[in-house]
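Just one chain follows, in the form predicted alone, and it is written as structure tokens.
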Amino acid sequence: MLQYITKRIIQFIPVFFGVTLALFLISNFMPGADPIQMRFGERTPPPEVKAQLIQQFGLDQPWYVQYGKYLVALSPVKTVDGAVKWTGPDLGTSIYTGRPVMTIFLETYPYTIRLALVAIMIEIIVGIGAGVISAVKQYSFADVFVTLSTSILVSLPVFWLGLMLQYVFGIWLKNATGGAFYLPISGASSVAFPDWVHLILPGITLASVSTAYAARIMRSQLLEVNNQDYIRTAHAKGLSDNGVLWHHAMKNALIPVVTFIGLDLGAMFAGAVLTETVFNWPGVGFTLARSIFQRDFPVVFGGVTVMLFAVMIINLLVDISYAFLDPRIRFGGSGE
């Protein structure tokens, strides 16, 4: 197991350099507005102020020099006054606000984690539950309903679904009930609602497509496992249908589902750009989208770095979980 984990961590190194290097190249050669001018809006900054800011943020240096400084700043251990000290990674300073990028993401990341956990809970409970019911009751009304509804969900754009939920539960329902019942459609807090209520609509929106895919994968895997010889043997021994399902079929059927949900959790922890933007949710995705429009490159680089590490760590945890779901799986041994 240790050998496998070490190998996977080593594989992260070229992925990290490939993603960050591509990001630097795109940002330096992409046409667009001047990031310093974006900071001042419609006002024209004095030439000496603009020159000072360009020098301060290193925008007058070649891209490879900027990239080298970015990598050095990311190192958690640095030499300070001749001594090696743990300083933590430095993601730089926002061009638009002048605040440390690390501080910005320490403030916004908890919102993304809260939203991701709500969405993944919906995905696990509804997605796996619907898939199991659909497989157990194959060709029944429940199976047809699950198959049809998941087919519709996977074809809907997430931003459109979010807008429709905002209209139905935040505007139409409010007007229909005279304001007696409705749900918040924007932000993470308000006077009228507890904070957790603000998670309902964005959580459903973020989980919608993934829940449909999880249900479809669960159904197909469970139907495939049910046709295996060991399942027929378990039935022949007189085990109940529920006993065969939960003690024999589910473990093997869950492996692809766990893979999908784990990768999806990594993507959610990396920030749901569309969902957070539609619902004005102050998380990493919303911050990153706003920074792209503002051409606030330090925040963009910092956001992508945070997302990259989140995805890589979750992927590693998902791979490790295989050994607990299926004891036949072994890591690091030859021929296994």
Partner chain sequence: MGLVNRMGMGDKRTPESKIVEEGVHDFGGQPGGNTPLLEEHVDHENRTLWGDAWYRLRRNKLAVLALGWILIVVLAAITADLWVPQSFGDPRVINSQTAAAQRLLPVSSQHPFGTDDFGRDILGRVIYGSRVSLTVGIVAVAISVIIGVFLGAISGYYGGWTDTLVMRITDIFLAFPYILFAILILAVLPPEVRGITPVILAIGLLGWPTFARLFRGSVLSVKENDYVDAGRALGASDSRLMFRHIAPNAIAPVVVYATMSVGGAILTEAALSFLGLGIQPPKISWGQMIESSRGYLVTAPLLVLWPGLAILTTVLAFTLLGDGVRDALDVKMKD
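Numbering follows the first chain given and starts at 1. On a predicted model such as this, the values are computed, not experimentally measured, just so you know.
The protein also exists as the form predicted together with its partner chain; that form is not presented, and the subsequent description refers to it.
- Annotation: in the predicted bound form, residues 23, 223 and 267 each come within 4.5 Å of its partner chain through at least one heavy atom.
- Although the partner is absent here, residue 209 is a contact residue: one of its heavy atoms lies within 4.5 angstroms of its partner chain in the predicted bound form.
- Taking non-hydrogen atoms only, residue 61 never approaches its partner chain to within 4.5 angstroms in the predicted bound form.
- Although the partner is absent here, residue 77 is not a contact residue: none of its heavy atoms lies within 4.5 angstroms of its partner chain in the predicted bound form.
- With a 4.5 Å cutoff on heavy atoms, residue 88 does not count as touching its partner chain in the predicted bound form; it lies far away.
- Screening 110 to 118, 125 to 133, 223 to 231, 69 to 77 for residues having heavy atoms within 4.5 Å of its partner chain in the predicted bound form returns a single hit, 223 to 231.
- The listed set 204, 217, 146, 104 contains one residue whose heavy atoms approach its partner chain in the predicted bound form to within 4.5 Å, identified as 217.
- Taking its partner chain as it sits in the predicted bound form, the stretch 154 to 171 comes within 4.5 angstroms of it through a non-hydrogen atom at 154, 155, 156, 157, 159, 160, 163, 164, 166, 167, 171.
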